[in-house]
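Heads up, the chain shows up twice below as structure tokens, two forms, tagged structure 1 and structure 2.
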Structure 1
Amino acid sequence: MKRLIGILLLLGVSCGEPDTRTVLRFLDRPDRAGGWDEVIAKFEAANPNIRVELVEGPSSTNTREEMYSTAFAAGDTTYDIVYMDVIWVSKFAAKGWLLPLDDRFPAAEREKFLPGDLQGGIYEGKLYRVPLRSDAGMLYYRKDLVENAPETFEDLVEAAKKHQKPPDLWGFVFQGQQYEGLVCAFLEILWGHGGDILNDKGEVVLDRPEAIQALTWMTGLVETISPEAVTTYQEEEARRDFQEGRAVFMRNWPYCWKLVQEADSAVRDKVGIIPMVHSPGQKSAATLGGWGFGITKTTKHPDAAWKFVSFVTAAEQQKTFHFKNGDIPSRRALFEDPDMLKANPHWPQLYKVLLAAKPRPVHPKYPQIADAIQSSVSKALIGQQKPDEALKEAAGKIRRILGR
């Protein structure tokens, strides 16, 4: 109690008196590793007039996107700042829910960030999001088992079959549940087969032969080199299997590296990372992910909000998030930072993957486009629809969404 009173007095708040601090609120997934706790406490100590409230929501990006959208569409002013997936920016900006940040975020400062992350915050020439963490999909593999890292889809299946011992050790785990992670995993397979959702002219090409080949390959994984349960996996289910030594390969994001190397991990020092495999003659592709901050149009505290946004995206906080949560920084300089390099000997390879990562379609209706893909890919994966029929349906929906 004494300590609590001490803290309150320190904050200039005596018992019984209302807390007059400006409150800044945002939504994110639960703060399991404690990164937010540490960073928010530090910010509040340096800014005694501001209190930051993290509303802990579900782990799926789609669900949090819907929660923010529902609040904004209803004119609800709960949130002052928006912790945004790169794929939300176009929709949120087009709806007029965000403040442009161009005046606050000068060119000299922008140059310090990875180009894809920065680009992902721009909509129709204006900047709405400051990147905090970068992300790109990649393959983790058991280097103690696999002698030659695979390059092609065929190599991957062959190596997985050779080393797996189902049901205790499966060949390949990935995000197979019907949600955004499935779109990310599918896109890497699609791009690696030379396919795409839209071509350079903006035409929908998701029902072309390359795409059918990609989805056919993907559906063939289930119960061959992937457990049936993979169709219910998000990132964490895949990560747990791999970390507990129950998978030879895993498609996931870079945050897993820190966790799979922890002292109690069954695969510590047995893990390698490589770019996603591809078809002969095609190139590997990684889906660009990543998170950053925007400020809501309706906030009554844009200056306080900006103070927080510039504080959390600074190098020091990005390092905290890395060491606590395994998050990948969005500032280029941190890829040459001695502390970061010491902890991450694999960073030169990771940096290359990040620089080459491809964005998902940038469109205000992206959530609808993604819905169509999720639903069709999922139906094919669980055997409810054939790959060609599933893609025909998704392509048709996307053409209607885009009015083509």
Structure 2
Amino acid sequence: MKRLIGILLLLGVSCGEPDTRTVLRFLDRPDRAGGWDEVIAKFEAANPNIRVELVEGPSSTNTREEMYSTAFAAGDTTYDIVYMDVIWVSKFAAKGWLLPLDDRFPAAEREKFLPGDLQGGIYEGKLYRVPLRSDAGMLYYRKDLVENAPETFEDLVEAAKKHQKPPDLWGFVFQGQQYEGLVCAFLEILWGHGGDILNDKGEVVLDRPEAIQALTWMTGLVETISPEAVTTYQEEEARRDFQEGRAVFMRNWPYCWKLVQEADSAVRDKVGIIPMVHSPGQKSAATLGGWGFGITKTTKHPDAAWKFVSFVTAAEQQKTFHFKNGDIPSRRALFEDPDMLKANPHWPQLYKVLLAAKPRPVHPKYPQIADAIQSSVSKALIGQQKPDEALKEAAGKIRRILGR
């Protein structure tokens, strides 16, 4: 009913007395769990002169990004605040669609958030996004089978070979299909080998020895400790294999934890989590996901928008989103909160993963960069190209994308 009234107001249909409150709008997927309804109602009760409208869009992240982009490019002022995926920040900021938030978000407040989540909101030295929920890739493993969690890539392969019994039980499943999930999985392996896509100077380094070693290791998994079908897997295919007891290790996201602990899960109470492994002398890294809020440059109500952003990203609301929606908070203190720890005894391990999280290249042309990586890594995984050839091709495409 609340949203029906909002729609009528947007259409200019009066329902009794005119509503003179400041209206703030943002776009997100449908609020099936009710987290937004609860938080927005609390905010409006505390701020009776402001009304917040969630415009419910499709579940597809890419489609919602296109909806925001289309509106901004056309000069549409529908949205005052932007609920955005971490990989949207650079594009939206470079286009001039967002307000810098540095003056509103002091250093003392920033320190309360996870470092990777903050880093993902910075473009060319300015902060454009306050993180609300965090996300990062991690390694799940069967702690009933694996006595000591692996630390290196060699350890992972050794443990996988020791315990796998293909085709019924494979050693390792991950996201191997040609899509963004493949980029995320590859980046963790790439960083763990000491490689990267771009260096600190913005130069493309994807065809250097560390990267070739990383992709060589990754392609060597297929039909050795990973099923051939892994090249068609997204998150859910990997999760089902692991949850049904058909894999020793799995690369996936935090959302899987709750599912693998369900009553009908074959691995309930048998699962551990660690950051992705690394090469000797290197460090583990997790690909950062997560969502947060920015403020549109065209809003007529920047102060009201900031009041909502500050409210919704506060600890109390992050707890609400966790217990309603299962979202992972972005505030450090919540990983020591007694209520959260009681419900999530695995959080000390998850916190270590999140502290190692790194954003994907913060660049306005990231979508084109990702397409180049997806294509070449996929060709190597399915055996169409050798790892060095695939990365040479990807690096060349990225240099052309960047005009270098």
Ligand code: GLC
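Take the two forms, find the largest set of C-alpha atoms that superpose within 1.5 Å, and that set is the rigid core. Reference numbering: structure 1, starting with residue 1. Bear in mind that the values here come from a model prediction, so they are computed numbers and not experimental data.
The first of the two standalone chains is derived from the form predicted together with the named molecule. A hinge is where C-alphas change from fitting one rigid part better to fitting the other better; between structure 1 and structure 2, that place among Leu221, Leu354, Cys256, Leu101 is Leu354.
Hinge angle between structure 1 and structure 2, smaller rigid part versus larger, from C-alpha superposition: 25 degrees. Relative to the superposed rigid core, Gln318 shifts its CA by 3.9 Å between structure 1 and structure 2. Superposing the two forms on their core, we find that the Cα atom of His301 is displaced by 10.3 Å between structure 1 and structure 2.
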